[in-house]
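The chain that follows stands alone, in the form predicted on its own, written as structure tokens.
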Amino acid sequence: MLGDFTYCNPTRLYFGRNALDGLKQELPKYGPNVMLTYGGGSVKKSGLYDSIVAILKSAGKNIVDLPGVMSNPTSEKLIEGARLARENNVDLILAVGGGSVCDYSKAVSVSAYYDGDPWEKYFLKMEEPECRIIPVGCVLTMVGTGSEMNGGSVITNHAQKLKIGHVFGDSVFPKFSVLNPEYTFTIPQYQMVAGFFDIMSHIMEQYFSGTDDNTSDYLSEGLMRSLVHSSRIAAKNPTDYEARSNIMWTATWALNTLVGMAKTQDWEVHMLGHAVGAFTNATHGMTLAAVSLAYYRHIMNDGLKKFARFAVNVWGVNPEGKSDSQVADEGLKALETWMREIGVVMSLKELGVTEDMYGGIADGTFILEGGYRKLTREEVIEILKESM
């Protein structure tokens, strides 16, 4: 490891079948007004909403409901939530749902007491909060984003056709998160496997960078192997507790900043995926799946040794008698086989992308420098075409 770093993660996790008991321990730390953020009706149909409301009432909390958080939270919804939190003097935002609800709640936490336009400040200018920040807690019902233990928040502005993520500092991390794998059992198969690929993509974004012998890369390889193994089980039997618990834990460690320590990082697949999502409103994990193979084949020769290592250490490719290029190519083929096996989207066409969108998507794709190759706009369009 060659880089200097400071590591801190302030989020307390409660994990397992009895994890919701942790909410009872946390609530006395906060004031009386709690805002519940959640998506559609699934948390009510499952009974989780009622369980949480009962705990909040028994703790003497006043509940402010904010339903309707969409899978790609919008700047308009952010304004609504910030206003509601401020008007009700909210002391804690409790996000109940998947990564989008957690992302959204963090955005609301830094926006409620900001006088200007939070979209411009936090997502266009990438500035840090200077106002009061409302604490956030999470009860997770879908895995993938790792938002339960990081400062990330992704918001979409449909008018500007932009989807932008801001990784805030420690002060915006959830104060606590409740992780019960059983809460993920009722997620539809499409959303479930999209989450699986989101996890894999998070790890690969950090893994495919750098040339030093970095402990983080060994950790990433173990996480990827665990994910591949458990996802194959869960794709066939979504209620396998052991598989879903391993996946939930892997998702958290994939993006709680640990495996990125002392490394440059790529994140270009996410920039491509976000730009596609801004045009199609497609599920995040599926946008990543649709562009990943074309992108990695495009940059493979720039980071050939790492791609060959990926093939051997993650997919078990036998390197004997083969060139690095042959080994690396087999690794990407193994990745493709796994993607098809679990059932993710394999092309942008499946997400509704059309040729007339190429220019706009390319314009909305932020070009980063942390990976093995810095793309040009022309290369972005080439990758989009290859992803169709």
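The structure presented is a predicted model; accordingly, all values stated were derived computationally and were not measured. The first residue of the shown sequence is 1; numbering continues from there.
Keep in mind the form predicted together with a small molecule is missing from the figure; the text below concerns it.
**Study point:** Listed residue (T250, S100, S75, S292) with a non-hydrogen atom within 4.5 angstroms of the small molecule in the predicted complex
**Key:** The residue in contact is S100.
Practice item. Note which of V314, I134, L255, A275 lies within 4.5 Å of the small molecule in the predicted complex, where distance is taken over heavy atoms; exactly one does. Key: After the contact test, the surviving option is L255.
Exercise for review: Within 4.5 Å of the small molecule in the predicted complex, counting heavy atoms only, one of 34 to 42, 326 to 334, 53 to 61, 359 to 367 shows up; tell me which.
Suggested key: Flagged stretch: 34 to 42.
Review point. Heavy atom to heavy atom, is Q191 within 4.5 Å of the small molecule in the predicted complex?
Key: Taking the distances in the predicted complex, the answer for Q191 is yes, it comes within 4.5 Å of the small molecule.
Exercise for review: Answer yes if any heavy atom of A82 is within 4.5 Å of a heavy atom of the small molecule in the predicted complex; otherwise answer no.
Suggested key: A82: no, not in contact with the small molecule in the predicted complex.
Check your understanding: Counting only non-hydrogen atoms and a 4.5 angstroms cut-off, does T145 reach the small molecule in the predicted complex?
Key -> Because a heavy atom of T145 falls inside 4.5 Å of the small molecule in the predicted complex, the answer is yes.
**Study point:** Y183: touches the small molecule in the predicted complex, heavy atom cutoff 4.5 angstroms
**Key:** Looking in the predicted complex, residue contacts with the small molecule include Y183, since a heavy atom lies within 4.5 Å.
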